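Just the one chain here, laid out as structure tokens, in the form predicted on its own.
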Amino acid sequence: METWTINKLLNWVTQYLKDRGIESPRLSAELLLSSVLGLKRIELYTHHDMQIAKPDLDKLHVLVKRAANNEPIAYLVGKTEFYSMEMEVSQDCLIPRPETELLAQRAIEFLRMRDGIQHVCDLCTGCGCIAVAVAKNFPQARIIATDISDQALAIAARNIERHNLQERIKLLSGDLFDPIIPQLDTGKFDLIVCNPPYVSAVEYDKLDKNVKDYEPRLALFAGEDGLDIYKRIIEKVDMFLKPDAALMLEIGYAQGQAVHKLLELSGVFTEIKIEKDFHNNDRIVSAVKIKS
């Protein structure tokens, strides 16, 4: 029987995934093997000549086959990294993207310019990554996070517990603002942040297989032009924001001007800004509510 060491397996799995066109094959191989063996990625190299037992080889075989069929690595290992924190994920929620870290960063920066306890609303929270990042990096944040998916909220609850933030993040089940009862849950918010579904009909049809076939449609698709959720948020947001508070939204690469126009026409905001991500695509729209 052939002997497999960590190093030999890493090289074989990397080549196998590369031959099948899987993105970042070496990283994918490291993540899969780390998950099976319960080791950190760096430990794969410090234990590179360790022989792998057959039960672990069998587990890895199943995962590698699924990865070769474009199933996302994050779902296979049940976790991903966001804002330097480990986050649990499953097919019940969207996998956090590196681009979304910019939204979390801008939210944290905005809150740090204000004094005292700050009340934050995170709409479409998904796995809770933005709420967790904000609470972890701004201790004076008190956050209400909502989502229409109870399954996603279950993941978010575990991530909140993982990072010991139960006292500062409250989860509510429902569509956008619907589960928030003004005055009972909180007064108006200092910041509302949202990474909503924003994929248009045309874009949805062209999504990569590893996204379209595995990530929840509910967290991606937003109507013919991809603007449905933005319109619904902007229609009601005035009721939930303090004067001089901010709204921050992640947007699709081609939606900057359209969302800017929606905010402008609402008559609620000033200082409407579009910011690009590290790929030079429009990614964040922020706006400050006009002082009354």
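Numbers for residues come from their place in the sequence shown, where the first is 1. If you're wondering where the values come from, they're calculated on a predicted model, not measured in any experiment.
One more form of this protein should be noted, the form predicted together with a small molecule, which is absent from this view; the next part is about it.
J.: Only one of 141 to 149, 203 to 211, 106 to 114, 157 to 165 has heavy atoms within 4.5 Å of the small molecule in the predicted bound form; I'd like to know which.
T.: That would be stretch 141 to 149.
J.: Flag residue 100 as yes or no: does it have a non-hydrogen atom within 4.5 angstroms of any non-hydrogen atom of the small molecule in the predicted bound form?
T.: Residue 100: contacts the small molecule in the predicted bound form.
J.: Although the partner isn't part of this model, could you tell me whether residue 262 comes within 4.5 Å of the small molecule in the predicted bound form, counting any heavy atom of the residue?
T.: It does not: once the small molecule is placed as it appears in the predicted bound form, residue 262 has no heavy atom within 4.5 Å of it.
J.: At the 4.5 Å heavy atom threshold, is residue 81 in contact with the small molecule in the predicted bound form?
T.: Residue-level check for residue 81: no, no contact with the small molecule.
J.: Answer with yes or no whether residue 73 is in contact with the small molecule in the predicted bound form, where contact means some heavy atom within 4.5 Å.
T.: Contact with the small molecule, no.
J.: Identify, from the list 36, 229, 64, 245, the residue with a heavy atom within 4.5 Å of the small molecule in the predicted bound form.
T.: Looking at 36, 229, 64, 245 one by one, just 229 meets the 4.5 Å heavy-atom criterion.
J.: Only one of 124, 120, 132, 87 comes within 4.5 Å of the small molecule in the predicted bound form by heavy atoms, so just point that one out.
T.: By the 4.5 Å criterion, the partner-contacting residue is 124.
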